[in-house]
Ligand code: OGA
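Given as structure tokens, the chain that follows is alone and in the form predicted alone.
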């Protein structure tokens, strides 16, 4: 593994459990993810605990809180420690109620067929970054499980700091200073959103242009920022060269050594940082109920 360019001195991820004040941090893999033990996030947290949780979050990128019992108000309040909870995209997801616009229900039940057909339902959700098809994507997502199928539906996450650090020099040179179009027309299962044409030419993909390498607004570290692979395009390159570059970047970023997969239990809350991590979801049996609540934390324009 090559040296970590300008991310030096802050890339080491602890391999063993360790204490941060009142909480214990339990790493879930050598690449990404940690469980936080000793924090009841249904209650307001002392300021020093919030600081410790944020420290662990910036180290591990994804945090798991098990055995939680949260009302919508408590879920929103906890999310507010990390920024401003925002009303997510309602095109693919069902808002819980108008009383809680910050929460959507990620589920495969209780929806009319038209909405179910254009949602993720039980399909596999490919590697992606939440709502990167917006000019200003969310900084983070907090997903809380209420009903979970007996198998399937796992959520996997991958570390885009590490993927950046490990870029071969020639691939780094090709990616630096370039942007990619983040497709706004399709969701993370590849389904066309309402109001969009089924455009096949990547050069005509609708969506914002974000840098392939972005800087984290809080840590100052650089990470790959790829969004979604289908219909992406690197402006300024012929289509074949754009496809070749994106294929190499995605092939590199999606390596198992950067990833960890979480098997859900009821009462789990998973908090991930969209600025430096991607995620995907495994498919599951459509006859099994799966209901989770998600909040998203407002972010800034990628740079």
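Numbering follows the first chain given and starts at 1. Model, not experiment: these values are computed from the prediction.
Another form exists, predicted together with the ligand; not displayed. Remarks below refer to it.
- Stretch 271-279 is the contacting one of 231-239, 31-39, 271-279, 57-65, since its residues have non-hydrogen atoms within 4.5 Å of the ligand in the model of the complex.
- The partner is absent here; in the model of the complex, the one residue of 185, 155, 108, 145 having a heavy atom within 4.5 Å of the ligand is 155.
- The ligand is not shown here, but in the model of the complex it comes within 4.5 Å of a heavy atom of residue 130.
- Within this chain, residue 260 is remote from the site of the ligand in the model of the complex, having no heavy atom within 4.5 Å.
- Using a 4.5 Å heavy atom cutoff, none of 222, 225 and 301 lies near the ligand in the model of the complex.
- Of all the residues from 232-271, the single one having a non-hydrogen atom no more than 4.5 Å from the ligand in the model of the complex is 264.
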